[in-house]
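What follows is a single chain, given as structure tokens, in the form predicted on its own.
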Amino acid sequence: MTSVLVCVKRVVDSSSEVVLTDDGQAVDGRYAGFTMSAHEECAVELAVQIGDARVVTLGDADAVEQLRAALAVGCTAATHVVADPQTFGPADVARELAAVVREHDHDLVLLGNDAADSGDFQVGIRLAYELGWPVVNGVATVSVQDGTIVADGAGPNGHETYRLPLPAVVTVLEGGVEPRYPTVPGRMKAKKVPIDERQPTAEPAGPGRVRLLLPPPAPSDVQVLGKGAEAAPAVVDLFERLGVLAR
């Protein structure tokens, strides 16, 4: 059976308004709550489908919540690199993930395509470079066939299929699989799984980030067509312009 390591990150739930911390170094989740990204939910699902899956995260004590969520849907073990994630850059995270891979002798590493909070696309590639493994990015599905990774996704010229020898690193985009949701028995079982805690192997160099910036809000125009029955002719004219009604 293929030994899979799937990497997740505790990030702010992006379904609500995005607010930055005062120093502009991170997304403020005090009022939004935390989760893992949709990319990583799909990576967890694929890991569970492929084989014996261990989940890993680098984060503070609260990141255990995301490890338990992955355990509740089928991961069998968990590793927590206990550290302040804001002080770690992509190269630092890749180094710590590589240490976990070497310790547990994994065949395949799955990650989300990018970090949902900082927008980093680097960890998967840096991890593959650290391990000396092949890597493919931004795929929708992953399977193992006769010791070979088969990864499918959308490319600039249409559907693309990649075949890589094991061991390998793959980053996953959402949309290829439907993540399962934890059942009550799954959550109860996940609470009993011991989590392997470890300290970072070296001091982080840091992200080298100056600050995050929010894009300006998209402009919006509102046209008042009228009130009550008086607005009916204007609504009909609008539907005709939109092609909803034929003249």
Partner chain sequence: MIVVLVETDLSGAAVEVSREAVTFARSLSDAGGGVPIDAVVVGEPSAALVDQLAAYGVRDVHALTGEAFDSFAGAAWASGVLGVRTAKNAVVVMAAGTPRGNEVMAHVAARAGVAMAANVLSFSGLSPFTVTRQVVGGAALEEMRLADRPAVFTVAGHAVEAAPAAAAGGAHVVVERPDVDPADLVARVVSTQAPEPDLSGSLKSAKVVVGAGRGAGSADGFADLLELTELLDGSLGVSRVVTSLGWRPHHEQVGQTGSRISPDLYIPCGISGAIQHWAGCSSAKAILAINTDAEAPMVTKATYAVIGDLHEVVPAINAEIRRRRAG
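None of these values were measured; they are calculated from a predicted model. Numbering follows the first chain given and starts at 1.
Absent from the display: the form predicted together with its partner chain. The rest refers to it.
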Does the trio 66, 87 and 146 actually contact its partner chain in the predicted complex, every residue with a heavy atom within 4.5 Å?
no
Select, from the options 205-213, 44-52, 192-200, 66-74, the stretch whose residues sit within 4.5 angstroms of its partner chain in the predicted complex by heavy atom distance.
205-213
Contact between residue 117 and its partner chain in the predicted complex at 4.5 Å, heavy atoms?
yes
Quick one: is residue 137 in contact with its partner chain in the predicted complex, heavy atoms, 4.5 Å cut-off?
yes
Does the 4.5 Å heavy atom contact test between residue 159 and its partner chain in the predicted complex come out positive?
yes
Just to confirm, residue 104 within 4.5 Å of its partner chain in the predicted complex by heavy atoms?
no
Within 224-239, the residues having any heavy atom within 4.5 Å of its partner chain in the predicted complex are 224, 225, 226, 227, 228, 229, 231, 232, 233, 235, 236, 237, 238, 239
